[in-house]
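Just the one chain here, laid out as structure tokens, in the form predicted alone.
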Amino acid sequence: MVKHQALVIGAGPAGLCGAIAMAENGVDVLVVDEGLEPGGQLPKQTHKFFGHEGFFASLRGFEIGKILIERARKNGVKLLLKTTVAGIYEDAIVLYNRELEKTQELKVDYILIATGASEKFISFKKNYLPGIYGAGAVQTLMNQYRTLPGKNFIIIGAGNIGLILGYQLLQAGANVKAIIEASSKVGGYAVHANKIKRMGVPIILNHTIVEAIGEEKVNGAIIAKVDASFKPIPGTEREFVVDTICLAVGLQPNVELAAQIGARIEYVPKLGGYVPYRDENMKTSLENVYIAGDLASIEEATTAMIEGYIAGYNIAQKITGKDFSEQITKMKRELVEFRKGPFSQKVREGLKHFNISFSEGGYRTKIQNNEEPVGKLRVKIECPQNIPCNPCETSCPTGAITVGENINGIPHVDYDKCIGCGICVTKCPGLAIFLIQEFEKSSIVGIPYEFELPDENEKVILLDKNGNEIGYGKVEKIVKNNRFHTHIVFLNIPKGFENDVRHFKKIVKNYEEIICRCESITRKEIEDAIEEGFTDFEELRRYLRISMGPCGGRVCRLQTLSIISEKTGIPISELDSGRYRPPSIPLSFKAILNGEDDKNE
């Protein structure tokens, strides 16, 4: 039987931080995880994290995972992957190694259980069809295995997981038809919702899914409006043509091992359902068993890491006999700081069940509305909620942005100090900061952008905050950020649209588009000819035979002139429309010959 001082079950952010806290203080610690790689959900998280830089704010989840794994290994943490804790008994812990297909017995002095949470599911008609996934499964396929399970998606649930998944699917090239939410408001951060909406994805509130359409696989989904009891209202059904339905309806703590070992389990809905009892040091009802992360309460990754450290330092303190109260107190202060905001309200109330209190408030709630200096290149922050996050403040080189005394405060800008450098735009995890500058005839808007970049001087379609097309603009310049991969695309837009334009899309040219049907001439052939210098309609006619077919140009003439205008910038009214030659309609040789016969008579 193998012996270790401490065992950590789960190599997610909470488990890794707990293991690091123990190992850096000399504890012999083994981390067991059933995944292919350590990090829990982090390797599949491609979005930037909120919080402060002490806990990796502005880094993407998979980057945080790599840092924690490297830090754990550097401190001597032993990692055992593809292995499941099959049972916890009084005299031994039994591990099942899937790769070696064998069991192994283990004995430890202390256990930190950080088994995270699993996805909730909801029932609806035909919810057994292939093509219905949990959000986590789609993220695993998409971000770890680079495979999209479908092309057209509908997402059920507008919490942070559903919103983030929608954005990641759009980045991967999928078509997200809608996000459906049963409640009357978006549950996730407004900045996440805004990212989705400005790309044209509707978030439909007060609706739920009632049926998947299809026989052998998903071919569509039917949603319906819900009443105050979340019951579907007959007659309000709507159909969506999709091949994939993603469920992002919440998480529930994985309490099985904690229950099996004998820890006291209680039902606390505000913490996620059944959770183990724990005190403020993350100790369960058992003297040598601690918990951390989503198992303790459904929250976000930063608080999971903090709880992991608190549990780890407490275990290290007991094993080594050394005093780590300073480190523990520091981490508890971090938790207090993070949990003051409105998004921690449920957790604060849930923890009262265990006689653990966290204070609330003390953060700035006022949204800045002072007049901005028109004509100056400056930032425009659209972050209207109290989210625990401050990279905009800490990254600003002039101190122009502040969130106030608490990290949950709404950011304000001192426009006398703002120099329009755009560093905050590239750091903001919510992509909620823009750059604006007005000129005499047009304006500039800098958009945070994480998709395939356009070309400079490329003409694009401008989109407003709800994804509506509101005109055309031109890419003025692009500031690439290869470190954080949030670039800034500066758009030249019509003056007066500075507070409306929040995204753009490329003008997709269909090179299979036939312009001259008589001669089968495509748009690409015409565009290529114009690029070669044939910028006149008559030149194109002679070069490509365009409008020389039976219709005499009735179908293709105006289209061709539009393409010339688009490519050259010359208005159609100033272009030569070409000669109109007879015959105006196709004539057969027989008709002509018959006409000659009549003439001879």
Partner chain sequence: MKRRVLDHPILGHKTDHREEIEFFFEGEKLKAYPDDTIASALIANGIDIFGFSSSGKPRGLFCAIGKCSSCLVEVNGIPNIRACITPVKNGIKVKRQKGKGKPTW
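Positions refer to the first chain, counted from 1. Just so we're clear, the structure is a prediction, and the values are computed from it rather than from any experiment.
There is another form of this protein, the form predicted together with its partner chain, and it is not shown here; the text below is about that form.
Q: Even though its partner chain is not shown here, does residue 216 get within 4.5 Å of it in the predicted complex, heavy atoms only?
A: Answer yes; at least one heavy atom of residue 216 falls within 4.5 Å of its partner chain in the predicted complex.
Q: Taking 4.5 angstroms as the cut-off for heavy atoms, does residue 133 touch its partner chain in the predicted complex?
A: Result yes; residue 133 sits at the interface with its partner chain in the predicted complex.
Q: Is there a heavy atom of residue 147 no more than 4.5 Å from a heavy atom of its partner chain in the predicted complex?
A: Contact with its partner chain, yes.
Q: My question is simply whether residue 254 lines the interface with its partner chain in the predicted complex - judged by any non-hydrogen atom within 4.5 Å.
A: Residue-level check for residue 254: yes, a contact with its partner chain.
Q: Checking a candidate spot here: are 92, 259 and 267 all in contact with its partner chain in the predicted complex (at least one heavy atom each within 4.5 Å)?
A: Spot residues vs its partner chain: no contact at all.
Q: Which of 541, 557, 52, 60 has a heavy atom within 4.5 Å of its partner chain in the predicted complex?
A: The option sitting close enough to the partner is 60.
Q: Of 441, 98, 125, 366, which residue is found within 4.5 angstroms of its partner chain in the predicted complex when only non-hydrogen atoms are counted?
A: Exactly one residue meets the criterion: 98.
Q: Among 134 to 142, 352 to 360, 191 to 199, 268 to 276, mark the stretch whose residues have heavy atoms within 4.5 Å of its partner chain in the predicted complex.
A: Partner-contacting stretch among the options: 134 to 142.
Q: Within 4 to 39, which residues come within 4.5 Å of its partner chain in the predicted complex, counting heavy atoms only?
A: If the 4.5 Å heavy-atom criterion is applied to its partner chain in the predicted complex, 4 to 39 yields 34, 36.
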